[in-house]
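First, one chain by itself: the form predicted alone, in structure tokens.
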């Protein structure tokens, strides 16, 4: 009983804090794909968060091709009845990284951009991408709202790096970057998930990641270290599916059969941790580290390196807050609460 009271009290505090603060302006930068991809589950949280003013969604190649990312997010917005959220197509390929045969055999579709295959339920018919490109949109929006816009970047950082190249004032005008990416060997659970030491998002475009991480923008980095502490199991799915909304119907359709086939399935939560951190940063313990990215060809290509003190070769590493531990109970309670909430009109005041 004491634990339930504590969880209720924490939820009340989060809600009260959200009500007292104006909704934060957020751009959602993503290599999107349909559930069970973590990008879509993170978007469900953001769509149902009244303390987030979702200005727009920018797509980038990564988990799938750019065409797939755009087609899938348009379909999701249509299916969840959130057509008012604008979508802008971004980079179809990394700045320099060229896919090899190994890349084509492993995860991701970032190395080419064929036409999108039809999303589940067919292509969106009442929602289209904007004519303006993602990089132009990022520059224009940040310029219009200096030091007010937070970017939730949960894919390769190509769009963000290109925006910095387009506008030299972009970095100084971004309020904060919340990035899902990297794996930090100096912290527990620091191995990679794509190569032995490299995390997928950073590996896809290491050159872009290096530009962004060296930019001096205030950054909250959510690496694999903390994602590995977020383990989604069937009881939590059952909690979500006990509510019937357009979002939970999508989750039922695409995650339900997976857990029916394997009730003991454990699905790690990556982008969801970064999304929840937008509204409740204290769900994760952070440590200030100097962080850089290795762009040298070889076995460490795309590896994110973090240290508490500057090291030889790390002269350009920048300090940032890096998540290292997770308050699982607070995190999952808030995630489920938001994802199962009844849809409310989005507060959009650009």
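Positions refer to the first chain, counted from 1. Please read all numbers here as calculations on a predicted model, not as lab measurements.
Keep in mind the form predicted together with ligand BDR is missing from the figure; the text below concerns it.
In terms of contact with ligand BDR in the predicted bound form, the residue from 175, 214, 145, 107 that brings a heavy atom within 4.5 Å is 107.
The contact with ligand BDR in the predicted bound form, taken as any heavy atom within 4.5 Å, belongs to 154 out of 184, 87, 273, 154. With the partner left out here, ligand BDR still marks one of 263 to 271, 111 to 119, 137 to 145, 237 to 245 in the predicted bound form; by a 4.5 Å heavy atom cut-off that stretch is 263 to 271. Using a 4.5 angstroms limit between non-hydrogen atoms, residue 160 is distant from ligand BDR in the predicted bound form. Though the partner is left out of this view, residue 63 does reach within 4.5 Å of ligand BDR in the predicted bound form, counting heavy atoms only.
Interface residue remark: residue 37 is counted as part of the site for ligand BDR in the predicted bound form, having a heavy atom within 4.5 Å. Of the heavy atoms in residue 132, none are within 4.5 Å of ligand BDR in the predicted bound form. Within 4.5 Å of ligand BDR in the predicted bound form, a heavy atom is found for none of 69, 91 and 205. Counting a residue when any of its non-hydrogen atoms is within 4.5 Å of ligand BDR in the predicted bound form, the one hit in 218 to 236 is 224.
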